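Just one chain follows, in the form predicted alone, and it is written as C-alpha cells.
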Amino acid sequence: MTAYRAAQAFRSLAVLLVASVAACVQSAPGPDGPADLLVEVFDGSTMGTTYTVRVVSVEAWDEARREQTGFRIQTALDDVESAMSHYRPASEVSRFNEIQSTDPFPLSSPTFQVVRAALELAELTDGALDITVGPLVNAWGFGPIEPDVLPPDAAHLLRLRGRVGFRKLELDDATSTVRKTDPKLEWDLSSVAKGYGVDRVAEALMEEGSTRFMVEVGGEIVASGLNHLHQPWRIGIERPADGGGIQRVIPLSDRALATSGDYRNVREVEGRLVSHTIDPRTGRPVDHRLASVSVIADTCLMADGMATALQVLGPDDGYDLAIERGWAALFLIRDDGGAITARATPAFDQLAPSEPQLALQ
C-alpha cells in the first residue's frame, strides 16, 4: 500500500457544535431578564487548518465593523504564522534553522515569548515537550520536506537524537536573542504556535472592546465571558473512536482548552499508521494507548504545549505528571478492542464538570 500523509488541515479534536450561520439572534433570559443577543461569526484558514471566531454582541454590526474585526483576526493569525511556521522560508523559525552558527539570533518579542514558554514547559516535563525535535519530525515525514527513506533506520535516528535537546538553547532576556550551543540545532514551534495564535486573536478582540467570544483554531480554544444564552460556552470533546461522537461536554469561560491526539495527523509506514507526535526521548512516534488528551489552562499557548507533552508521556506517566503539577487534563485511553475510557484529573473535574445533557452552543 502506498504511504500517505493525512491532511495537515483538519477540524478540531475538541469540537464546538454551533449553527454555521454568519450571524444569529437568540432570545434567552439573562441575569437581568430576557435579552436579544447577536452572534457574529468569522472563519477562515491559517497554519494548515481552519479557524472559527464567534463574538456575542448586543447590537447589530455594520459591514465596516465586521470587515475591521475580520481583518484584525486574520492579521493576528498571519503574524504568528509568518514568524513561526517552519513551512515558510522567510519565517524566524526557518531562518534560525538555516543558519549553522552559535552566534546570538535576534527574535521578535512574540517569538521570544513563545520560545521562553516552550522552554519552561520543557523543564517542567523533563523534555517531553521539546521544540528542538524538528529533525526527528522531518525524518518521519511530518515536516516540510519528504524524507528519502521511511522508516528512518536506527543509526540515522541516533545521529538525529544527538542534535536534539532543549538545553542546547540559550535565551538572553536583555537582548531578546536565542543562541544554539550546537550549530546544527533546529526547532519546530508547531506544538505551541497554534495555541499562541488563539491567544493573539483573543487579545485583538479584547482590545476592540469585545468581552464575550469564542476563538477556535484547529481545535485549540479560548472562551471569554458567556455565550449568547448567558451561559459558559459548551465545548464537546470528540470521542476518538470509529463511531466518533462526543465523549464529554464541558462548560468553558475565561479559559483556554487544547487537545492533542494520535489519530488525526498520521501516515502509513510499512503497513501501519504512525502518529505525528514524536517522542524526543526515543526519536520515534508515540506508541501507546493514549488516544487524546485535553488540557484547560489560563492561556492557549500553555494548554497547547501541556497537551503535547502529556500526549508524548502517555496514559500513565502523563496522568501522574498532570496530578503532580495540578494540571486540568482529560485523558481518553484506547483499549485493545478500540473502546475508549476517560480519565480526568481532579483539577479538570473541578473546572469543567461533565454536562452531557446540555445542548452544545
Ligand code: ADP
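Because the structure is predicted, anything quoted here is derived from the model rather than measured. Don't overthink the numbering: it's just position in the shown sequence, from 1.
Just so it is clear, the following notes concern the form predicted together with adenosine-5'-diphosphate (ADP), a form of the same protein that is not shown.
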(message) Under a 4.5 Å heavy atom criterion, is P232 part of the interface with adenosine-5'-diphosphate (ADP) in the model of the complex?
(response) no
(request) Check whether H276 has any heavy atom within 4.5 Å of a heavy atom of adenosine-5'-diphosphate (ADP) in the model of the complex, and answer yes or no. (result) yes
(message) So in the model of the complex, is adenosine-5'-diphosphate (ADP) close enough to V312 to count as touching (4.5 Å, heavy atoms)?
(response) yes
(request) Please run the contact check for E220 against adenosine-5'-diphosphate (ADP) in the model of the complex: heavy atoms, 4.5 angstroms, yes or no? (result) yes
(request) Answer with one of A204, A128, L119, L160: the residue that has a non-hydrogen atom within 4.5 Å of adenosine-5'-diphosphate (ADP) in the model of the complex. (result) A128
(message) Using a 4.5 Å heavy atom cut-off, which residue among P152, G283, G141, G261 comes into contact with adenosine-5'-diphosphate (ADP) in the model of the complex?
(response) G261
(request) Choose one stretch from 303 to 311, 60 to 68, 38 to 46, 318 to 326: the one whose residues place a heavy atom within 4.5 angstroms of adenosine-5'-diphosphate (ADP) in the model of the complex. (result) 303 to 311
(message) Taking adenosine-5'-diphosphate (ADP) in the model of the complex, would V133, V137 and K194 all count as contacting it (heavy atom within 4.5 Å)?
(response) yes
